[in-house]
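Read the single chain below, which is given as structure tokens and is the form predicted alone.
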Amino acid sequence: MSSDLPINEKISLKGSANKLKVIIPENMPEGTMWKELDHTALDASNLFTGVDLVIHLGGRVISRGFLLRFLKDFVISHDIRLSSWEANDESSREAILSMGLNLSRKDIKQSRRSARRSETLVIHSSLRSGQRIEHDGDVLIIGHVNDGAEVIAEGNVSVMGKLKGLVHAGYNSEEDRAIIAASFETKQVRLGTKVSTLSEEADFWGRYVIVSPEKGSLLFKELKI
């Protein structure tokens, strides 16, 4: 499937060694971009096999919400092996790092927060029942946390798939932490010393949710993406 956009306004591919760079025009409207990413994934699916993908954003300004949708709708949906990101905008680089994602080497040098990358554990797979992950920093899971799996982290926890197992963020930490789930489907979460139990009747069940501390309790907020 191909689009009718002018050549200089299309998403383009640039290959080198075992890597393939996906170059997204920074002025492309976001609605058009999501459609073009789908077209690209379908048209070039054979090129994506066995290579590390680099996403080049240019000067596009992005948010954590943008990254959540990108990982869910492009990376996970099309089973893509994402290697790193390139971004000219400082706030975009900071958003990428805050999600535990990798920047290219040149962008790492430009970012004020590059030293924090070592604090983040990135897992490029789903966790099965019985698996337990413990980490003293942030944890990013590009996959699902299935029922019976556990994630214990002193930092923040982000799950790019379904959260059905147990997540405890802010373990042994007095700082404010957060839990983000692309599809919230668990009956219990723990944040610091606080525990909250829920049911499938919750308004935000199965949706993008961020859990954060709020006045001595836990606040569950749906992310509108």
Partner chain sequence: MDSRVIVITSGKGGVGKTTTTANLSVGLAKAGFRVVAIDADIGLRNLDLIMGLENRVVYNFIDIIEGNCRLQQALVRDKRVENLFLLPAAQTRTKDAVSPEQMVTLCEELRKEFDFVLIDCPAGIEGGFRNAVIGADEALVVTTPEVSAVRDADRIIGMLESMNKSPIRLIINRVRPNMVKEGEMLDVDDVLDVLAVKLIGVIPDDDSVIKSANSGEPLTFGSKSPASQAFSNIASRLVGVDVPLMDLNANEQSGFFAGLKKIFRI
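Since the structure is predicted, the reported quantities are computational estimates derived from the model, not experimental observations. Positions refer to the first chain, counted from 1.
This next part talks about the form predicted together with its partner chain, which is not shown.
Student: So which of 188-196, 158-166, 26-34, 53-61 is the stretch with heavy atoms within 4.5 Å of its partner chain in the predicted complex?
Tutor: It is 158-166 that comes within 4.5 Å of the partner.
Student: I need to confirm a contact call. Of N88, S98, N146, N102, which residue comes within 4.5 Å of its partner chain in the predicted complex, counting heavy atoms only?
Tutor: For this set of options, the contacting one is N146.
Student: With a cut-off of 4.5 Å between heavy atoms, is N172 one of the residues that contacts its partner chain in the predicted complex?
Tutor: Judged by the heavy-atom cut-off of 4.5 Å, N172 is well away from its partner chain in the predicted complex.
Student: Is R69 close to its partner chain in the predicted complex, meaning a heavy atom pair under 4.5 Å apart or at it?
Tutor: Output for R69 is no: heavy atoms all beyond 4.5 Å of its partner chain.
Student: At the 4.5 Å heavy atom threshold, is D176 in contact with its partner chain in the predicted complex?
Tutor: Output for D176 is no: heavy atoms all beyond 4.5 Å of its partner chain.
Student: Does H124 reach its partner chain in the predicted complex, with heavy atoms at most 4.5 Å apart?
Tutor: Looking in the predicted complex, residue contacts with its partner chain do not include H124, since no heavy atom lies within 4.5 Å.
Student: Give a yes or no on whether every one of N18, R81 and H135 sits within 4.5 angstroms of its partner chain in the predicted complex by heavy atom.
Tutor: Judged in the predicted complex, none of N18, R81 and H135 sits within 4.5 Å of its partner chain.
Student: Note that its partner chain is not shown here; using its position in the predicted complex, name the residues of 36-60 with a heavy atom within 4.5 Å of it, in sequence order.
Tutor: The stretch touches the partner through D38, H39, L42, D43, S45, N46.
Student: With a C-alpha distance change of 3 Å or more, do H78 and V157 lie closer or farther in the predicted complex?
Tutor: It is farther: the C-alpha separation of H78 and V157 rises by at least 3 Å in the predicted complex.
Student: Where do S45 and S125 end up in the predicted complex, Cα atoms closer or farther than shown, with a change of 3 Å or more?
Tutor: It is closer: in the predicted complex, the C-alpha atoms of S45 and S125 lie at least 3 Å nearer than they do here.
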